[in-house]
Every structure is written in C-alpha cells, then in structure tokens.
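Before any questions on binding or motion, here is one chain by itself as structure tokens, the form predicted alone.
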C-alpha cells in the first residue's frame, strides 16, 4: 500500500481538486483506493456527495475507540472509498498531542488497511502542525500544488527544509503547478524554469480552467463529467507522473 498526501502550507492552491481527481483516476486504473478527507471543511467529502461526519468524531479515530475501517464509506465509483471529514478534525492537533508517538499515529491507524487498499490519498488542511508532521511521517509521496509565483517557490523551499529535518522516514516530495495561467509571463517562466532546475517538481501542470471550478457544481471528479476535457487530460498526466514517482506496481 502506498500513501500519497496532497499538502501545502498555503490554502486555496488546489489540494482537494488534486486528491479527488487523482484518487478517481487511480481507481479507474484498477487500484483499490481510499481517500481520507482530513480537512474539517470537508470539501472532498462534499465533492463525493458524502456527509462530512464520523461517528465519535476525530477523537474516536485517533484514540482507537472506533475502528478506522468502520468509518469508511463507499463512493459512487468502483474501487474508490472515502473516510469522510468531520468538523471535530479541527482539534486533531490536540488529540494527537495526547496520543503515544503522535507523529506516527496516522501511519499506525492506516497500517491494518494494507490488505484492503493499494493506494491511500490524504487530503490535508493547510498548516505546519502536529497533524501535518503525522501526515509527512505516514506518506510515501507528498504531492505539493504550487501556483507558479516566486512566493510559492519559497513555500516549497520551506517545506523541503522541513522534511529534510525529519529523523527516520522521509516522504518523497513531488511539487506540481496548479492554477497556472498561460497568459501570465511569470507563470510561464516559473513553470518552465523550475522543473528544469529541480527533480522534485513535476513536468505536468494543472492550468486554471473553468471545468475544474465546475467540480463543486457537478460534485464529481472531472473524469466523471468531462472525461475528454483539457482538465481531465492534465490530471491524467499528473497521475501517471505521481504513479511512477511512488513506484506503484500495476494493480492485481
């Protein structure tokens, strides 16, 4: 089982759209996929038409009083399940602080699911916190959406420095450009120069497209309602690159 997390210190950069679309594509390719919506805002849960609620809330999951597989819901798509968000996830830092080995807690919770899933996607809230440390320790590949500007590149540097300082497990980092506007010279320059200079930046990029915004109206991944669109093709290219970086074996 491989764990891929969409994460960025900044919000509003396309983490949830990436998690939902890549999770859908992985399932369409035949992988058994679980997406865990860790953001208390519950955007991924909304897009999959599942109520953002877990019985007992985050406390029950983190403390182990509720088995994690008992909170998992099926989606409308074959091979794709969801562990919904819950508004109590806003307190996950406090709950993890009370747990033994808090930075390893998510990895411990996901461990028993290895026989049930091939890929787990973690859709993470924006922050540097105890929760994000636990995510980074659990993840095999960290997918980092970046708007192609100088400040976003600085954010990537901060994140890679943070990961480098870890003891023990360190996830691979694969940044990718999101919300790219090809009419802007700076966007084009950064999107051209950075992948050439850094091996941790994907060649694939996600442009700013109305079809991506339509996800919140359709409440579905792009591949489900606009499979021939430019957006669907761009996410497919990103998925293939992420799959290769994560060294995912072909599905059984």
Partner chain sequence: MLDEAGAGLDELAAVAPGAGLRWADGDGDGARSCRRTWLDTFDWRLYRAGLTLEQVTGDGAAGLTLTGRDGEELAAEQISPAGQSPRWPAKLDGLPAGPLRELLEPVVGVRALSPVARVTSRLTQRRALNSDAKIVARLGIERMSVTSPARAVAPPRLTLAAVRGYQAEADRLGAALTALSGVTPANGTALDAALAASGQRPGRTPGKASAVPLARDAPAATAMASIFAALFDVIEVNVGGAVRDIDSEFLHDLRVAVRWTRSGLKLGAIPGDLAVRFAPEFRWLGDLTTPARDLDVYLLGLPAMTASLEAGCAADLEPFRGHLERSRATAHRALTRGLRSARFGRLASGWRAELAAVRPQRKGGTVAQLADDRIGAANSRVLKAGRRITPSSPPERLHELRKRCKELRYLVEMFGSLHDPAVRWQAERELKSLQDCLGEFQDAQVQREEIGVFAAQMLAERSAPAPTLLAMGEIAACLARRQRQARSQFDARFAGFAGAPSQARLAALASAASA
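Keep in mind the model is a prediction, meaning the values are calculated, not measured. Numbering follows the first chain given and starts at 1.
The same protein also has a form predicted together with the partner chain, omitted here; what follows describes it.
Thinking of the partner chain in the predicted bound form, which stretch from 116-124, 159-167, 87-95, 143-151 has heavy atoms inside 4.5 Å of it?
It is the stretch 116-124.
Would you kindly say which of 184, 63, 219, 198 lies with a heavy atom within 4.5 Å of the partner chain in the predicted bound form?
By the 4.5 Å criterion, the partner-contacting residue is 219.
Note which of 179, 173, 99, 72 lies within 4.5 Å of the partner chain in the predicted bound form, where distance is taken over heavy atoms; exactly one does.
The residue in contact is 72.
Taking the partner chain as it sits in the predicted bound form, is residue 50 in contact with it (heavy atom to heavy atom, 4.5 Å or less)?
Residue-level check for residue 50: yes, a contact with the partner chain.
Stretch 75-92 - residues with a heavy atom within 4.5 Å of the partner chain in the predicted bound form:
The stretch touches the partner through 75, 76, 81.
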